[in-house]
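Form predicted on its own, single chain, as structure tokens, below.
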């Protein structure tokens, strides 16, 4: 194997694969990236890079000059760190005896110890997948606004991802997609209409759970391949398809596949309050800044903050027996009964940060029922936060 490629081009490709590669595992080969140099039928050279942790896999193709076709696997982190500091503008990569790999650029000459490509796990074949075209920016925004609320507790594996729920075919608008995430303490639901799928998306099970790690890698892919950020992505769309227990996304010359979470997602509709007799209108920025101020005395990340609500008056407070207490007044519009309720400050802050509307509505029933946050003009996006005992 012997090829030449642009240093920035290879560096970009390697950077979006680093999150997939396993650095500590029982299979050393998974710490490597599979490198394949080949020529197509017209003699044009191309470089294929693949990475997998057996649950999430990525394959990307880049143009290069191929002197000799071949394959090898090399340590992903070492190669990425090396390429990042090479003088460029081009570099050459050559496979030597005993799976060693020689890297040259300018006056820099290095050698890496690789492993045989024969040992590398084969990525699933997605050739027969039916793909749907989605607006990449809109899809990425939905992921951004839901992923933070998914659980990191591996014992609750069915919550370690985001529910992806297309609208039923017989609905008024089959082009609508819904995403939901919860960790048991908070929940976020968002829906968006995709004009690129007027007939909707067909899923045998009606909905699937996209894994947290896979969505994080998808975000990295969309950022790296975004033309507006200097990437090589083509246009502003992505293609998504489903095959058995996998979901696959294509963006430009890159394919990302991930194993779906096998489990039942909770009936989220039962968690979302439908009737709330106490509705507070607040400037989103005012409440976010108030939470930031009173949280300085929080003993830990689970420290509650108390919201004391009266007519057109909201007081946010935090008390720490070892440090003191702090209160902050926030102007609001409210005409209901007085109520005191406590929430995890970080959960409230995360929800506010995900909303785009300048003004939000905080809907409450009593101090033991969940609170509902929604933008005044952003009804398609709602956040539910469970209260804490005072």
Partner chain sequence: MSAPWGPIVFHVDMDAFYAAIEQRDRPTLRGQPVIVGGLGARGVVSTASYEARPFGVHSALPMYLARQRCPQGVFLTPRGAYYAEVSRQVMAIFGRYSPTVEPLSLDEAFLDMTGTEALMGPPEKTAARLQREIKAELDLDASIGVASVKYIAKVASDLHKPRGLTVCPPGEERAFLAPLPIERLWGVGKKTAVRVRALGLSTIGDVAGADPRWLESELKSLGRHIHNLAHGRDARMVERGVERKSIGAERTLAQDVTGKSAVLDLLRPLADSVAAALRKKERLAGGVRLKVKYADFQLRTRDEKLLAPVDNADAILEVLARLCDRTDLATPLRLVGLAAYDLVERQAPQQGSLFAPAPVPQKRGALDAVLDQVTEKFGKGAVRRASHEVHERFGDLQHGADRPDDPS
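Numbering follows the first chain given and starts at 1. Here the structure is a predicted model, which is why all the values come from computation and not from measurement.
Although not depicted, the form predicted together with the partner chain is the subject of the following passage.
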Go through 141, 81, 153, 236 and name the one with a heavy atom inside 4.5 Å of the partner chain in the predicted bound form. 153
Out of 266, 88, 285, 216, which one falls within 4.5 Å of the partner chain in the predicted bound form, going by heavy atoms? 266
Among the candidate stretches 91-99, 274-282, 178-186, 69-77, which one is within 4.5 Å of the partner chain in the predicted bound form when only heavy atoms are counted? 178-186
Partner contact for residue 110 in the predicted bound form: the partner chain, 4.5 angstroms, heavy atom: no
Is there a heavy atom of residue 375 no more than 4.5 Å from a heavy atom of the partner chain in the predicted bound form? no
In the predicted bound form, residue 349 touching the partner chain (heavy atom, 4.5 Å): no
Can you tell me if residue 1 lies within 4.5 angstroms of the partner chain in the predicted bound form, counting non-hydrogen atoms only? no
Along 334-370, which positions have a non-hydrogen atom within 4.5 Å of the partner chain in the predicted bound form? 344, 347, 370
